[in-house]
Every structure is written in C-alpha cells, then in structure tokens.
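Form predicted on its own, single chain, as structure tokens, below.
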Amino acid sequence: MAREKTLVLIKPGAIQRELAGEIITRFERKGIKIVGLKMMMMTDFLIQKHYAHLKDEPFFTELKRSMQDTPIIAIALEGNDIVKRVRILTGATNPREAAPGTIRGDYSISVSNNVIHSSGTPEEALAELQRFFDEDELFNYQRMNVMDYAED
C-alpha cells in the first residue's frame, strides 16, 4: 500500500447548506488523517488553474461564479491508498449515479452543486495540493489514539 496525500475541497454549495462539519466528520470517522485544512476564497487565477480542463465549456462562467459564492474549505488528507479511499467516500461526480452513503449520494443536489471535489489520481493530488497549500501549511504528526486497523 502506498502512503499518499490527497486534496478535498468542500464547495460553496456545502458551505451554504452548513454541511462542512458533517463532511469533515465522514473522513474523521473513517480514520483518515487530516494534515491540512483552511478556508479560502477561490480567486479567478485559482479557478482558471484548477478548472483549466473545463475553461472552454459553455458552463464555465457559471462554474466560476458558483465557486466564488462563498469561501471553500481545502483539506489535505493522508493515508494508505488515500486517493482511492477518498474517491470511494465521495462517490460519483453525478449525484444521480452516486451511491447512498457516499458524500455526494447523501448531500449533492446536481452535477453543478455536487458539494465536494476530490483528486482523481495520486499525480493529480500532488499538483492540486501544491495549488491549494504552501508546504508549511501541511503537517506531519503522530496521532495518539488511532485504532490499529485505521490504516488497513
């Protein structure tokens, strides 16, 4: 198993609906280690970088506007095979396809308001973490009360 870090963004739709605590709790209850967390506004530059693959889509202007409705919460998570584990917890991007019990399955309203972003691959996670966090904003610490099975 590879020890990895990944990025999660709690989007404005979740902030507006006061779901941030519930979403963060999902990761904590699963034994996933939070190594960075901050609330921030998405700048035009950050949106252009993060959503570069969507910049020519007709919905990009609306996406940009919606991502600037409120601050977002950026979270860095660490663990064995964490990218895959977090993707399972977040569920399919399309909420109609997201299984009940996943974050998107339980909280997302539409594709454009899917409440959360999670990195898709370890390579993507590395690039996204560098985009949202400075090196001194990520912490390396030993948890004192984690159950032995939390990192299976």
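Source: prediction; values computed, not measured. Sequential numbering from 1, following the sequence displayed.
We do not show the form predicted together with a small molecule, though everything after this point is about it.
Student: Though only this chain appears here, would residue 102 touch the small molecule in the predicted complex if you measure heavy atom gaps against 4.5 Å?
Tutor: Judged by the heavy-atom cut-off of 4.5 Å, residue 102 is well away from the small molecule in the predicted complex.
Student: Would you check, heavy atoms only and a 4.5 Å threshold, whether residue 114 touches the small molecule in the predicted complex?
Tutor: Residue-level check for residue 114: yes, a contact with the small molecule.
Student: Taking the small molecule as it sits in the predicted complex, is residue 126 near enough to touch it, meaning that at least one heavy atom pair lies within 4.5 angstroms?
Tutor: No, residue 126 is distant from the partner.
Student: Whether residue 68 contacts the small molecule in the predicted complex should be assessed with a 4.5 Å heavy atom distance threshold; does it?
Tutor: Contact check for residue 68: no, nothing within 4.5 Å of the small molecule in the predicted complex.
Student: Taking 11, 53 and 93 as the candidate spot, are all three within 4.5 angstroms of the small molecule in the predicted complex by heavy atoms?
Tutor: All of them do, each having a heavy atom within 4.5 Å of the partner.
Student: The small molecule isn't shown here, but in the predicted complex which of 98, 46, 63, 34 has a heavy atom within 4.5 Å of it?
Tutor: That would be 63.
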